[in-house]
Each structure stands twice: as structure tokens, then as C-alpha cells.
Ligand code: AHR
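The data below hold one chain only, encoded as C-alpha cells and taken in the form predicted alone.
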């Protein structure tokens, strides 16, 4: 309530600002800075069921029985009941990455019915007519076992099924797979595996994937979620986080080398968001790493984005354990960074380049930068970062390093790091700001006074948190409008800021820990928030050079609650104007474009607008706030445009 009152006071004061002559002057022939192709990107973290249960399309939860509770997500049924018919065994001596498996024993000469049912990630989203790929690893001696697999709707009815008889393997592990079609659509389906006959069979890596994965890759990603990213045409993708990079302690940190190679050999790890929030526990939240570093690089390549991996710097989360690796024991962490560059870029004859090639990608991924540490701070971070910088620069002198400026945009912690990183001539300072909307409105000039030096800014994580008690920081129109206003200042200062990404990215409606997320999903659908469309409009209309834009000889950053930036798209020959009207009434603005070779004749407007600052998109109304595309008349020396109340406007002038 207090924050809502502050916002109302903020908007009331804006209404009391005296009206000025609203003439925007844009010098088309006097660009002031280049806009980096990487300016607007996306930040992926496995939070809110973003990977397992999200973009990684696997439908079976706990497929290899490696969760803390080995049968979590599974229900075993047998008639008649017989002790020992289903056992969880551990082969840690032979396989440390995937030690557990299931042993099913059916006695000969006895009529038995045994089934394993998996609940999926809050159910399984099944689509009528779509094919599904069922597979499993198994080992058996002599046996007479038949397996029936079926999809079951919420009423327990079969909506797709198949059967197979796996031949005996002599005790060796083999893979079986079968494809079958669904006969109905169901958001909360389950997978039932019925085992009949007699004998002993060991089961592991029980898996179900939809047949419509991204680019049709078996065992791949959920296509509709990837498409939302591809539609943004992001300049980069930062991965894999976020707080999971640090881990609660160092034993739970993200280790990229454990996420590559054959899927069945990737070692499962608890997700930090499993237990981080007492008010949003997720005891079934683990990382299977089916989405690993190879897949992240491949995704970046698919959507035309620069890869930006973030690695642990020898520091766990300072809010939790604050565990540190002593400086004299940091070499393995530094070697991980060097090896990652070789994995991404090295020749197929190199150690790690060969592994990439063996995974199906002999060509390099052209990695140019990486982050060292995530939201780490203090002198202990700076001294570790210096060792990384020295080693990486010695071997790869043109490689760029992104460094953390801590957890907030100001204060003693931020100032210490900002000074220290710039003294090191670090390539990018990664700034994070999760703040109320009024902070974003009030900081549109943040970068106007920043030094124009070799050290650039990466606005690595930001989101406006509107009124409400955590975690109900909804992504509403007020939040999106304030971010749109702030980004005019980011774009105006492209000489300072070369990358920016909203956070968090994805959230499942039944598995979230944070709620201001950019894109929401359930088991069948995906939809963008108002902020998604703000980010998309910026990314698709970034231009190539910043143009000076003034009103009454000042940058437009709050006068009459207007916020504006201008850019030139040299490829299309268009001027791109971005304007936010943060008032609850329409405003008219005249434009003066100087330096044109010939008069402009065509203009197109993309507009996001709502009279309700607290409006949101939802599964039922996914386009409640959605861009309008409008052709607008354009004539005269100083044409006028009308800005609707509470609107974000992108005007492309040919």
C-alpha cells in the first residue's frame, strides 16, 4: 500500500509540471554514438521451472531416479502386492554420475499387474495428433517381459498408447524407443508404464519428448518457448544464471563440464531454488542438465545471438554460505574458464574442441566473452577476478570479460566495485537493478554522466517491482512503462551501455519463485508480459547509431512525463523514435528533423498502451497489452504526433 501511494504521488507531481513547447529536435546528420548489435539480449536462468519442466522439453520428472527421494514423481502399483518387486539399486562404484536405477522382478507362472506412473512437471501437456517419443535404458538377462506405455488424461483414460517387447541384453545396458500419437489434448496428463510377463528388467533414463521440439531435434527444447526468444532477435543470450552459478555453497555451484557429453552421463544437481524461499518451496526442483552448455551454445547460434556464459569465480552465494576458495586453490576454476573457450572455439584436434565436435558441432561457436562471477562483491571478489583476467588475457588477448558490480545499483558495495573494475580496465561492468517503477522513471539520466571509456556497462539484470508484498511483484503495465522510459536513457547512452537484458526470463504458472518474469508458460501455452513486448520493440527497433534528440535544448527524460530517444537505422534508411508518455492524458509532440537529404514521407507507429497501469497479460488474455501497428500521416516541416495516455511508442520514419 505504501509503494502504491508513492507511485500515485509521483504521477500527481508529474501532472503538476507546467506544459512546455513540445518540439523534439532530431539532428539526423549528426549521430553521436554507434549502437552495439548486442544492445538488447536475453538472460536465461533455471529459475521458475525455466529449464526442467520448461524450455527443456522432457516430460518425465526424475527420469533417472536421482532425486533426493528416488521415487519422487513416480507411483508404483501392483496387484497382487509383492515385496521386493520394485527396488531402487545403486551402482555408484560403476557409475558415479548416474548411479541409481530401478529393478523390476516379475515371478514366472504368476498372474501379476505392475505399473509405474509418472506425474510429470505439474502434469504433462499433451496435444492431440502430435507424436511423442518414449525411450528408456534397460538391461535384462533371459526374460519374457512386455511393456505397454500410455498417456492418461485427468480422468485416467488412455489418450495414446504403444507396446513393445524389449529383447534380452545379456545384462548390458541398451536403449529402446518407440513413437506413438496422442488422441486428445490434455494439460495435466500422466505417463503410465505397465510391465507384464516374467523375469527381471533394470530400467533407467525413462523419457518422453514431444515430436515438435525446436528444429525437430530429438531430446530438444520446447519450440514455442524458443520461438518467443527468436522473435525478439536478441543480440546475446546470457546463461546459465544467475544465482545457480554461485550455488548455496560451492558443492552446489554450476560446473559446465558436468553438463556436456551423453545425456545419461550428466550428473544431476539440486537446484538452488529448490529450497531458497520458505514461502515458495520446490522440493522436486533439480537440474538434470539435459539443457547443458552445448545446448546453450547451440540455442544462441539458432537465434542469431552472441553466447555469454557466466562461470563461478571461486565464490558461493554471499547471502547464504559465503564460501570461498583460497586464492592458492583457484587454479581449477581458472582452468575451467580457459577450457570453456577451447570447448567453444578450439580446433577439432584440441582436447575440448574434439568433445564439441564429437557432440555434433565441429565448427566453432565463436565465443567472444564470458562473465566471471554473478552478483559477487567485496575485495575478495576483485582479487579473484584479477587472477582470471590475467590468465584469460595472456592466452586470449581479445577476449572480453564481464564482471559483477554486486547486487544493487548504488551504495558502498557498488561504488567499491565500480571503481575497482574500472581501475582494472575490465571490459564490462555488470549492473543489476530490481527496483520500484519510480526508480526507473527517475533514473532515465543515469548514464548521461558516465565516463566514455573502454570499460562499458552491461545492464545484466533489471525489472521494475511494482506495489505489493514479495513475491507478488507482478509484471504489469506500470512496471513495463517505467522500464520503457528507463531504456530511452540506456539507448541514448549507447557509448556507455553495450548490452542490456531483463530478468527473470521464464516462469511456469505452477512452479515460480519470482513473479515479474518476462514470459509465462503452462504445460500447453506460452505468452508474453507487457515487459516482453517492451523488450521486443526495443530489440527489433534498435537502429545502428544514436541521434541527438532534445526538447528545449535538453534531453527528454521526464519533462512533462515524456521520455525519448532517437536512432538511425543505416540499413533501412529510417529514423527510429522511441517515446514514453507517462501521463494519464494524451500529449501532442511536434518533430523537427534536420539534416535530411530529402523530406520524409512515410511513418509507421508501433504502440503499447493501456489506461490501466495495473493491467497484465494472462493465459486467458495473452494480448491484453499488445503492440498496435499503425500507419501515420507524415507531411510538413514539423509534423505532429499524438501520444496516447500511458503509452510506449516506436515511430519509424522513412
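Source: prediction; values computed, not measured. Numbering follows the first chain given and starts at 1.
What follows is about the form predicted together with the ligand, which we do not show.
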**OP:** May I ask whether 45, 273 and 374 each come within 4.5 Å of the ligand in the model of the complex, counting any non-hydrogen atom?
**Re:** yes
Original post:
Counting only non-hydrogen atoms and a 4.5 angstroms cut-off, does residue 530 reach the ligand in the model of the complex?
Top reply: no
Original post:
Does residue 242 reach the ligand in the model of the complex if we count a contact as any heavy atom within 4.5 Å?
Top reply: yes
Original post:
So in the model of the complex, does residue 253 come within 4.5 Å of the ligand, heavy atom to heavy atom?
Top reply: no
Original post:
Can residue 514 be called a contact residue for the ligand in the model of the complex at 4.5 Å between heavy atoms?
Top reply: yes
Original post:
Which one, 93-101, 290-298, 428-436, 349-357, holds residues whose non-hydrogen atoms are within 4.5 Å of the ligand in the model of the complex?
Top reply: 428-436
Original post:
Which listed residue (489, 466, 504, 420) meets the criterion of a heavy atom within 4.5 Å of the ligand in the model of the complex?
Top reply: 504
Subject >> Of 204, 342, 461, 119, the one that lies within 4.5 Å of the ligand in the model of the complex (heavy atoms) >> reply: 461
